[in-house]
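Coming up is one lone chain in structure tokens, specifically the form predicted on its own.
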Amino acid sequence: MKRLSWTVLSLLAILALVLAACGGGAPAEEAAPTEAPSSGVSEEPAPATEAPGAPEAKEVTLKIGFTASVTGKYEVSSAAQVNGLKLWMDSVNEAGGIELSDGTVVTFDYIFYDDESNKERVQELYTRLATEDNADLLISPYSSGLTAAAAVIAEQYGKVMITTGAASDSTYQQGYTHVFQAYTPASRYLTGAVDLLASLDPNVTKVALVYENSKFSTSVVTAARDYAEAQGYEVVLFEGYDPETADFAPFINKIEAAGPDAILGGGHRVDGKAFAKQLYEKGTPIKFFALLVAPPEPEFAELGDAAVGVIGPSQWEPLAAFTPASAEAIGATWLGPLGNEFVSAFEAAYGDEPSYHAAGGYAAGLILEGAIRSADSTDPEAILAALNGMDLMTFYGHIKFDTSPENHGLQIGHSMVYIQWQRDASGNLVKQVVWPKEGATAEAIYPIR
């Protein structure tokens, strides 16, 4: 798999310099190959193309700081996230930057370090980015745990940080005012499925939630239960199963006894596939079925007919159809490429189809770009105000932030993209986006059986 080729080359070059200077030993932290001057924002006169007497245009280079898990357990997902961010930065710079109304042209540079997927290193390195490197803006590392560590530092030094690859709600419930989330929060992973169900059949009243007993799954499904009950649904079954569960017959029997119209829950890949397969083989009558994690994976199609109709949430899918018309329909501002244009550009740059991690990295850049354009300024306070008032639509979806003291910076615009496995005209199993409506590629199959 081709990923972070720019990072590997940079690390090799820097390692050689460090070893030459120190006579061997462990490598120093890896800075990006084209970092901005350590003084922070750099201002250079643009070429003198203006007519005599016209004000001289300025070029302002903003330095973006972040850490990446070049090594450690988050390496693959972090690599995709950084590739997406760098693709956005390259696209802006190659297009000539962002021109403000006073003629200032804003371009971007970056500096990063390998956090080794280590929480302790994150705080050390973000402190360095904020103080020694004088980064103007920050992007989070990958994962909720590492992001929580970085957010403390961003807030301490008053640096705007866009978080991506981090779904946990708790980071935005600490009273921070400079940290803004790109991902749909974990508490809303399945609430969109409840909204989809309501749109399909307002007469449904009974739902069952059967889920893996893990921290992630339990928190997601608990939030879905509370949301469903608030919408007037009766939760007729709420029960967890051990992560190693392979035989779902006892749970299926309880589902059939409770008689729900819809089932929500699941956990991860293996258990999700087994649950869906056994529910289908038992012939359990069900109108609506949504699972965590497993359905968006291509391998889910191995279930054949058992996959048909199953719904799953994803932060983003390549076939999601968000457009300028989608933005106009909800009164949001559109920014950036269409989804297919992003996919083509990413494939051309890196040779792989982008994952939602890569899309999240690019979206984080678009959020910064949108704030700068809206503020018409590079002033940090103006950018902060623009983020607080942001109502943006991109190929990644809707972006809007909670600005209450209790949840400041929590993402409230972006919804999970819900896919459903369907058969195309040739009988092949394919994924279709069925929710939200502004990104849908097909109508949902309902009832599924």
Partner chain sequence: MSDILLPSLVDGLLLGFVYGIAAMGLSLIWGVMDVINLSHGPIIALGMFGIYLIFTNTGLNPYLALFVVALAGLLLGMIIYGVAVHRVIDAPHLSTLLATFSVNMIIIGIGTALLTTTPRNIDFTLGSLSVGPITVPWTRVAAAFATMLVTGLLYLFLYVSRPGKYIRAVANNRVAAELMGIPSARILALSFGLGTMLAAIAGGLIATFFPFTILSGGSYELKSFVICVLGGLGNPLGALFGGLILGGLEGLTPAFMPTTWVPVLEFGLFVLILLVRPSGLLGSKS
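Just so you know, these numbers come straight off a predicted model, no measurement behind them. Numbering follows the first chain given and starts at 1.
Omitted from view is the form predicted in complex with its partner chain, to which the following refers.
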{"item": "Among 343-351, 95-103, 369-377, 303-311, the region lying within 4.5 Å of its partner chain in the model of the complex by heavy atom distance", "value": "303-311"}
{"item": "Contact residue in the model of the complex, chosen from Gly331, Pro250, Pro202, Gly259 - any heavy atom within 4.5 Å of its partner chain", "value": "Pro250"}
{"item": "Listed residue (Tyr241, Tyr356, Phe322, Trp88) with a non-hydrogen atom within 4.5 angstroms of its partner chain in the model of the complex", "value": "Tyr241"}
{"item": "Heavy atom of Ala246 within 4.5 Å of its partner chain in the model of the complex", "value": "yes"}
{"item": "Any non-hydrogen atom of Glu234 within 4.5 angstroms of its partner chain in the model of the complex", "value": "no"}
{"item": "Residue contact check: Gly72 to its partner chain in the model of the complex, 4.5 Å heavy atom", "value": "yes"}
{"item": "Non-hydrogen atom contact Ala223 with its partner chain in the model of the complex at 4.5 angstroms", "value": "no"}
{"item": "Residues within 4.5 Å of its partner chain in the model of the complex, restricted to 264-301 and counted by heavy atom", "value": "Arg269, Val270, Lys273, Ala274, Lys277, Gln278, Glu281, Lys282, Glu299"}
